[in-house]
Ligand SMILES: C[S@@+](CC[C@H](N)C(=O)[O-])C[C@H]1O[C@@H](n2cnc3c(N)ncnc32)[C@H](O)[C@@H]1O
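Only one chain is included here, represented as structure tokens and corresponding to the form predicted on its own.
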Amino acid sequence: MEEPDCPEGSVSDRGGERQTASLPLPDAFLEFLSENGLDPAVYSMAATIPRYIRLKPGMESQITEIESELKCVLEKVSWLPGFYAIPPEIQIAGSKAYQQGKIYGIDAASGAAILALDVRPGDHVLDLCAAPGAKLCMLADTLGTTGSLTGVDVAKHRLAACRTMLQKYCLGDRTRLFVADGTLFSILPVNSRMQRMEGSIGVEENGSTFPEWTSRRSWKDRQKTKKANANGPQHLLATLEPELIYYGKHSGLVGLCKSDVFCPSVDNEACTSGYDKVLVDAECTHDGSIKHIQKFEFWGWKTLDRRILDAGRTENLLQLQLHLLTNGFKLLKTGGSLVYSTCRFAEDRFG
């Protein structure tokens, strides 16, 4: 029987012969893959790649129950503590295990970045691109009951999703979240600067100290938000001070003067009072993500050229990534560790 024609830009293997077959990837992207020795066949494998979940610590005894509910086996990922692989078609959002905060979805690659950060008890940790929140939750879990965690993101609605996740999984006690431009953020950990601020603790400055956090907003805050909305997009923060949208009861903020907490770092202060660990999981083109590229099958393959291969857009992303990385180092304590991660190839093409 005659074999069917193979669409251009895909790969198949019949009788040991390598042929093109499957995704109609743009010529420019195929050329880029070829230049870098990457087989385009990998982008046809999304349906065979497992999805990953992370089990909340202490839930190990409930694995059998979770397997029964999800109707699949949880395959332990040996090199990534707490991670399990499940079939790609399994949906977790409707499960009780997910709704009760026993499991959450997170890519193994994201988990690997956090594992590389090697967070230790007592560390002051900064996630400079925190949204949508799965990595932030894993960082909080790893940190435990000491140290502090600061999450920063330029998009308020995405950072609000982080806040929801932290509360859902009961992981926000030592965390604070700032809506801010990560390339300009300069607020250091609270607990590492206690000596400098000792005289301010519990002392009111025009009544401006931090009470325990509540989701209820004051009339003044609501008016401030209305005014910001009226003045234009909230994501344009280059000239605005960071906005604190969440802080846990053990984050070190309760009782402090707001002017001290929002005090930016000066000179080389970060060398001794900066963050022990910084994660910069920067915005990118995502072309290194098989599942992300697969989405263009629905979005339209022509949009891949515009969103991933456009040199102008890529140059802008390169500059953003460089500035995020540079600022991450500025906020790092001497002897600390920074992990930089993306899921892209295209930036390297133009860099």
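Just so it is clear, the model here is predicted, and its values are computed rather than measured. From 1 onward, residues are counted along the sequence shown.
Keep in mind that the form predicted together with this ligand is missing from the display, and what follows is about it.
Residue contact check for P132: one or more of its heavy atoms lie within 4.5 Å of this ligand in the predicted bound form. For L128, a non-hydrogen atom is located within 4.5 Å of this ligand in the predicted bound form, even though that partner is not displayed. Contact annotation: E283 falls within 4.5 Å of this ligand in the predicted bound form, judged by heavy atom distances. Of the heavy atoms in G252, none are within 4.5 Å of this ligand in the predicted bound form. In summary, the region of this chain contacting this ligand in the predicted bound form, judged by heavy atoms within 4.5 Å and restricted to 37-45, 51-59, 65-73, 316-324, corresponds to 316-324. For the options S95, T209, S273, T183, the residue carrying a heavy atom within 4.5 angstroms of this ligand in the predicted bound form is T183.
Checking R158, K102, K168, K258 against this ligand in the predicted bound form, a heavy atom within 4.5 Å turns up for just one residue: R158.
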